[in-house]
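In the form predicted on its own, a lone chain appears below as structure tokens.
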Amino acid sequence: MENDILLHAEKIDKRFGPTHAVDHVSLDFKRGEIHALIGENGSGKSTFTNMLTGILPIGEGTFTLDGEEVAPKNQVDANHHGIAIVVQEMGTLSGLSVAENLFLGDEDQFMSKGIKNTAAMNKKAQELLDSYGLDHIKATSSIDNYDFEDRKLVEIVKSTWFDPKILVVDETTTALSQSGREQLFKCMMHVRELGHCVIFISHDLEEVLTMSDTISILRDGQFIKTVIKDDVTQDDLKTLMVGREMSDHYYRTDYGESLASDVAVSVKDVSVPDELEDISFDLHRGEILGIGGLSECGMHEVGKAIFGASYNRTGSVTLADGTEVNDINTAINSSIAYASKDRDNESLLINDTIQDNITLPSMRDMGHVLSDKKLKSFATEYANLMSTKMVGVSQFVSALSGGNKQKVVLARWLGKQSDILVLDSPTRGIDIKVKADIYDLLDKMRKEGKAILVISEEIMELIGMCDRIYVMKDGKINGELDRSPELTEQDVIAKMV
């Protein structure tokens, strides 16, 4: 029925130069539903919702919410219309307290005669955090005191405390541990129970089918189809997303290969206060070594430690030629590549061009004369190798979708021809087709003798791609599992908890 429609999008259109990011898309979102929006990287999902939430201006078309046309000027304006978003990347502002982040743009409620009642703001913020079960986060503390996951949880509170009519969740689950995901899902269910709507963007099709009621598919900026989740399978969704049938055989099919004796990196007694305790292992040439665990197990700190980015690290990271890696410059000069889980803040120059991001670590290797033509050619080659959807390499990285940003990260290190790759959450926010391409690329590099460390919260990724898996718990290695066709998710989980 028409009165069930909470939000109507009419011929929404957006161009970036010659790129038609969203092509006259019309969609209805109903009251009391979780409506998934899926598609490959660059299909237009985030551009569509960024226009709805005020992050981008609307190109053409109209959004009508509860019978009223809305065109938010910014995210705060969108909030005032009852529209909120939890973004994929970091959405809190450094230098502010937790409470200041929660009420950014809504400080008027604490103002009296031009003076802000900070005590009242802190009190309300702590009450909200406690009500979400986040009492370990203190309203008066700087947001910089908290890790990526806790900052995402603060964003969830910020986006839902005022009961928005529309909540957009854009690839947020990829940044969260299982407990964080459960907290997010609880909030999504609450929004639905209030008779409002959640627009849920995710590349995890199992998650989509579990959480959503309705699913709409975009492809190359165009609306393809809306389906009821009970009427489709994952294979159906894959076909709708890519326009052809997709194979499930993403992973390696080889078993029983012996490891090369050549050790590329030896990690010995590495510790980081409150993060890691006496971590030791060898990474061999021609090996994909996996590290997994729950989000707070310390696994993400391992990658930083190897790349020389943990400044309070003890212990040693030693290369085959005896080089000790204690800083980032040494790591890069020693042909080590590192892709961080937090790509916007740690892996990319977000407000710079694709060209500059890809060429930066390789400039020393490209000769003394660096013409713009040479740099452009180099960047274009590796951006195209990763099938990056872009206007051109002069486009700013900030304008790319999350998945295409990740492609730029990988293109950068492919261009560098690194021998040792430390990849933290390499397929986070990546669509099915590109995920398969990345797995093929990893297998190819393994066969070329490169040493690859994959840190991942996706258990099947570890089982499917790795020769060995170290499972971490409480900052320590809690078990080692060898590649085997009999290895199951339960075997890995048993070592995590």
Partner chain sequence: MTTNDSQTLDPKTPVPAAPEADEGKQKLSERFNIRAIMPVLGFVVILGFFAIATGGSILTPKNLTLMLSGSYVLMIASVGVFMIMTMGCLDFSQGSMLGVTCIVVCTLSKYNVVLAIVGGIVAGGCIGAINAYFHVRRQIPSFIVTMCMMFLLRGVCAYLTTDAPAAAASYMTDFNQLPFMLGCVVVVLLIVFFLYRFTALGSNLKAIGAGEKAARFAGVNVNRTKVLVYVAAGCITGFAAFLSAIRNGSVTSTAGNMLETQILIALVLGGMPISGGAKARFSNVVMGVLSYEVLQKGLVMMGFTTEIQQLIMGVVFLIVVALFSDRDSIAVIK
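Numbering follows the first chain given and starts at 1. The model shown is predicted, which means the values in this text are computed figures rather than measured ones.
There is also a form predicted in complex with the partner chain; it is not shown, and the following applies to it.
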Does at least one non-hydrogen atom of residue 464 fall within 4.5 angstroms of the partner chain in the predicted complex? no
My question is simply whether residue 483 lines the interface with the partner chain in the predicted complex - judged by any non-hydrogen atom within 4.5 Å. no
Partner contact for residue 73 in the predicted complex: the partner chain, 4.5 angstroms, heavy atom: no
Give a yes/no on whether residue 438 approaches the partner chain to within 4.5 Å in the predicted complex, heavy atoms considered. no
Thinking of the partner chain in the predicted complex, which stretch from 78-86, 116-124, 179-187, 344-352 has heavy atoms inside 4.5 Å of it? 344-352
Quick check: do 191, 250 and 433 each get a heavy atom within 4.5 Å of the partner chain in the predicted complex? no
Between 109, 261, 371, 210, only one gets a heavy atom within 4.5 angstroms of the partner chain in the predicted complex; which residue is that? 371
What is the one choice in 449, 32, 57, 61 with a heavy atom within 4.5 Å of the partner chain in the predicted complex? 57
Quick one: which residues from 279-316 get a non-hydrogen atom within 4.5 Å of the partner chain in the predicted complex? 304, 307, 309, 311
